[in-house]
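Here's a solo chain for you in structure tokens, the form predicted alone.
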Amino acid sequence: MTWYYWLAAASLLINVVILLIHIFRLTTSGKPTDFSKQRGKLTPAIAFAFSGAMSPTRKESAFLHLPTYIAGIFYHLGTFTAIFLFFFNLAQISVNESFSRFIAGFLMISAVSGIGIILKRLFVNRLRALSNPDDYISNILVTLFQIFSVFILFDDAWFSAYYIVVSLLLLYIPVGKLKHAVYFFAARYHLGYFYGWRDVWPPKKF
């Protein structure tokens, strides 16, 4: 096994340890006391927060910008695909040729989606004004991760660069905006709890 393989493995370990610390902080910090009277059920509201409330029809930022929303879906699905591929590579499990082509095709679509999102952030004035270096670094690292995941499916010569990119991404996740991979779940749970307690979610059918 090569040095860049062990670099990626070590980066993964550091990533997991720091994210576990974030999870520990989330679960041990306690929650504020809600002095209002509970009116609704929490479980269906929390389930709605992770399902119906995520629909583009219920998110103004989504239904007003459907192309970007769709690109974001492909981008995230491509990221999950690349992560699964990374674990296959780390375990040294080979992927058959036909499946490799399918994965490569999907990752190319997701990487193009990522590039489009970066360009929109760069050239749309109101987005550029709201952006900071973390936004660009996160997008660039994830997009490179997807691109190099395609490269290694066709040529082993790219493995050294691939593992270096993966290592940079893994080390950056816990310190940048990408740690929303953890905080996303806490935020959606909080929304479901808050609106379920007040019997606002799930919406009533009239």
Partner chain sequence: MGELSKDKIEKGIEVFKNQKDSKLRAHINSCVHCGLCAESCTYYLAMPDAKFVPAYKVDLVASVYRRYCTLTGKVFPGLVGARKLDDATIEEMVDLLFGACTMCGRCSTHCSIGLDISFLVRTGRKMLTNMGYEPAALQTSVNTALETGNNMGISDTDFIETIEWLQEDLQMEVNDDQAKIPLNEKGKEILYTLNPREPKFFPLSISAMAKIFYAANESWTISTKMYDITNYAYYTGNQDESKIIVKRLYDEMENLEAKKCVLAECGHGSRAFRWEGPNVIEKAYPFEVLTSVELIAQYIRDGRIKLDPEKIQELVTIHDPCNLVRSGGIVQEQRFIMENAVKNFTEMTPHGIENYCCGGGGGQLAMSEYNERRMKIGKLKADQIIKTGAKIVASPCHNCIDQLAHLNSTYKLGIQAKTIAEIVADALVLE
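Positions refer to the first chain, counted from 1. Keep in mind that what you see is a predicted model, and the values were worked out from it rather than measured.
Keep in mind that the form predicted together with the partner chain is missing from the display, and what follows is about it.
- For the chain shown alone, Leu127 is a contact residue for the partner chain in the predicted bound form, at least one non-hydrogen atom being within 4.5 angstroms.
- Contact annotation: Thr143 falls outside 4.5 Å of the partner chain in the predicted bound form, judged by heavy atom distances.
- Interface residue remark: Ile164 is not counted as part of the site for the partner chain in the predicted bound form, having no heavy atom within 4.5 Å.
- Proximity of Lys41 to the partner chain in the predicted bound form: non-hydrogen atoms within 4.5 Å are absent; the residue sits far from the partner.
- Contacts between stretch 65 to 79 and the partner chain, counted in the predicted bound form as any heavy atom lying within 4.5 Å, involve His65, Thr68, listed in sequence order.
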